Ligand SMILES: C[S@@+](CC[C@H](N)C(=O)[O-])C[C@H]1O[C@@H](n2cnc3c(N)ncnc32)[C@H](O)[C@@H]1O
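To begin, one chain is listed below as structure tokens, in the form predicted alone.
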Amino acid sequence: MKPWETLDTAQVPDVGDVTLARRGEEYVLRVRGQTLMSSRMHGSEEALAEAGCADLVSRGTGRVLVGGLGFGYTVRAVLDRVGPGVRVTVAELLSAVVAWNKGPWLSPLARAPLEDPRVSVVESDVARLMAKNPTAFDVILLDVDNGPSALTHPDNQGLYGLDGLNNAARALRSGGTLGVWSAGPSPIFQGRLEKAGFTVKVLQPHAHGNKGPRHALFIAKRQR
């Protein structure tokens, strides 16, 4: 088996080492040595975009906020499903991840979604961005860390706590959709969503097509 090749490493305050590595055709992103994502498994990210943006497909207009850029698969899936009048804002806290997605290593993986004129990238914490934009979005898709059930950084807990979910609800327009990716199911988190005023549906797609582990998607509708 080929060894992993480290392509680049960034030192991020309050986060630590963030590393992009490659083995053959596979890329992985590691935070403090722990694998956060792999380019081999992105089926559930695409399912998140499909379920979260279902109401926008026929409308042709709207605003989508994607929290967490990753390897660009969620953003690409949104762009492939919505019309030319939809605008997509991507909130990514790590500037290195944005740079890698614009560069030759990661840009081809999801067909260069950041080059689409419908997309704007904000290098910011997604919670802060939501707080600054009340009733601004029709859809918010959160794919930050490993979701509410398997955090690699404790600071991200606030995003998935009740205060964070109330923050997301305020950033949505009436009837809007919050989609949350998670490494696994969490009845506690589902109850928290319901307490924040959402009607919740839980999906469990495979990580890669019809294979691989199942992840959990929380598709939550803000009540009108």
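Quantities reported herein were computed from a predicted structural model and do not represent experimental measurements. In case it trips you up, residue 1 is the first one in the sequence shown, and so on.
Quick note: we don't show the form predicted together with this ligand, though the next part is all about it.
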| note | Within 4.5 Å of this ligand in the model of the complex, heavy atom basis, the matching stretch of 67-75, 131-139, 111-119, 81-89 is 67-75
| task | Verify the contact flag for L106: yes if a non-hydrogen atom of it lies within 4.5 Å of a non-hydrogen atom of this ligand in the model of the complex, no if not. | result | no
| Exercise: L29 in contact with this ligand in the model of the complex, heavy atom 4.5 Å | yes
| query | Given that the partner is absent here, does M37 sit within 4.5 Å of this ligand in the model of the complex, heavy atoms only? | reply | yes
| What residues in 77-104 sit within 4.5 Å of this ligand in the model of the complex, counting heavy atoms only? | A91, E92, L93, L94, V97
